[in-house]
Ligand SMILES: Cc1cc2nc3c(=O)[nH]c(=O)nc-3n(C[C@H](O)[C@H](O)[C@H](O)COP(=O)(O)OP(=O)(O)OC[C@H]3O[C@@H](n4cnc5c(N)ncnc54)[C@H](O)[C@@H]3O)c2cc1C
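One chain comes next, on its own, written out as C-alpha cells in the form predicted alone.
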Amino acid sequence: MNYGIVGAGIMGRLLAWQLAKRGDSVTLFDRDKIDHGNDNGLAAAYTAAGMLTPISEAESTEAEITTLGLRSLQLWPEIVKQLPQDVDFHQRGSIILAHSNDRPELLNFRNHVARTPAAIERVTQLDSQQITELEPELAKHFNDANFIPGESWLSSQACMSVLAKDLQNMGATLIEQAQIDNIESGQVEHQNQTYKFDCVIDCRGIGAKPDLPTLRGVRGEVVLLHAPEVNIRHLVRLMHPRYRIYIVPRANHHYVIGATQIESSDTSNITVRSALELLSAAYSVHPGFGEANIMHTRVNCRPALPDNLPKITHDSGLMRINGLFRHGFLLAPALAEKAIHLLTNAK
C-alpha cells in the first residue's frame, strides 16, 4: 500500500515508521524541516517531556486515556528495541509527592486512582524509609508518597530524530517545509502539485484546524535545567492545588520541569508567572535546583478537541488522527495500532 502522511509530529512520524517497517510505501509531509530532529520545530512533540505515565495522570484524565496509555506503556519497550539508536528510554517508575500543606491533594489522587481498578493495583504507598531507599535526596523534605513502578519516559527530541533517520534508511520519502494546499481522499496538494496515494492520513495536529474547526490549541511551557547538585533518578510529580508539576530526569543532571496547561493558542515566550511557579516548585522539591542553570525554555500548543479525547476517523482513502492533547507520546503507539488495524481491515 502507498500512504501519504501529513504531519510529522510524534503521531505521524511513529505511524509512518510502523507502516514502513511492515513494507508499505510511505511519503511523509511536514511544515518543518525533517532534519533528523530539529528541536526548534513547530510540532508540539519537540516541547513534550516524553512522559509515559498513564497512572500518574489518571486523576486528571478520562478513563479512555488511561486505557490507551496502559496499552502504549506495553508497546513502547518493543518500539525502542527496534530503533537503531538510544532515545534515553527509562522504566524506573514515578514518585507522586505533596508538601504537608498540600497533603489533601495526595489523598485526592489516591482516592481517584482507587476508582480505577487497572490503576490502583499498580500504586504503592511509600513511607519515609521507602522514599529514602528510592530517592535519598527527597526523603529530607517528604515522608509520604506514592510509587508507580513501570511508568516510563524518553527523550522526545531524540525519539523524533531517530525515527526520522530510520524512516530515511527504510526508503520513506520525507517532504519537508511543505505548505499543504489541500487534503482529500487519496491525494495531497502541495505547491501546485498533486500527489496520489491509496490512503492519505492527516496527522497535522493544530495545523488541521481549517478542516477541524472545533480543534483548539492548549499552551504548554517547559524549562530545561542543568542541576549538578540534584540526583533524582525517578520521574517526580508534585501535587499542588493549582498544578501538577513534573520533574523528568535527563542525562548528565539535566531535568525537564513542566506543568502548565493554558487555554490559549499563543506560542510567545514563557510568562514570568509560569517561570516563577515552575522554578519555585522545583526548588521546593529539592534545594539543589536553586543552583541550577536554565538551559532553555520552550512553549508550544497541543491540539485538543472539545472532549479532550483523541479521535480517529476513516472514510475511503482519508484518515484523520487528532486531539492527542497533552498525551502525544503516551497515546501515539496505541493510536497507531488502532489506525493500522483500520487500514488493514479496509483493504
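On a predicted model such as this, the values are computed, not experimentally measured, just so you know. For every residue, the number given is its place in the sequence shown, counted from 1.
What comes next is about the form predicted in complex with the named molecule, which is not displayed.
Chemist: Answer with one of 193, 74, 179, 100: the residue that has a non-hydrogen atom within 4.5 Å of the named molecule in the predicted bound form.
Modeler: Exactly one residue meets the criterion: 179.
Chemist: Considering the named molecule in the predicted bound form, which of 55, 68, 49, 282 comes within 4.5 Å of it through any heavy atom?
Modeler: By the 4.5 Å criterion, the partner-contacting residue is 49.
Chemist: At 4.5 Å between heavy atoms, only one of the stretches 282-290, 295-303, 312-320, 60-68 reaches the named molecule in the predicted bound form; which one is it?
Modeler: Contact-bearing stretch, as computed: 295-303.
Chemist: Do residue 217 and the named molecule come within 4.5 Å of each other in the predicted bound form, heavy atoms counted?
Modeler: Result no; residue 217 lies far from the named molecule in the predicted bound form.
Chemist: Residue 138: heavy atom within 4.5 Å of the named molecule in the predicted bound form?
Modeler: Residue 138: no, not in contact with the named molecule in the predicted bound form.
Chemist: Is there any non-hydrogen atom of residue 221 lying within 4.5 Å of the named molecule in the predicted bound form?
Modeler: Yes, contact at 4.5 Å.
Chemist: Is residue 325 a contact residue for the named molecule in the predicted bound form, using a 4.5 Å heavy atom cut-off?
Modeler: Output for residue 325 is yes: heavy atoms within 4.5 Å of the named molecule.
Chemist: Quick one: name the residues from 201-236 with any non-hydrogen atom within 4.5 angstroms of the named molecule in the predicted bound form.
Modeler: If the 4.5 Å heavy-atom criterion is applied to the named molecule in the predicted bound form, 201-236 yields 203, 204, 205, 207, 220, 221, 222.
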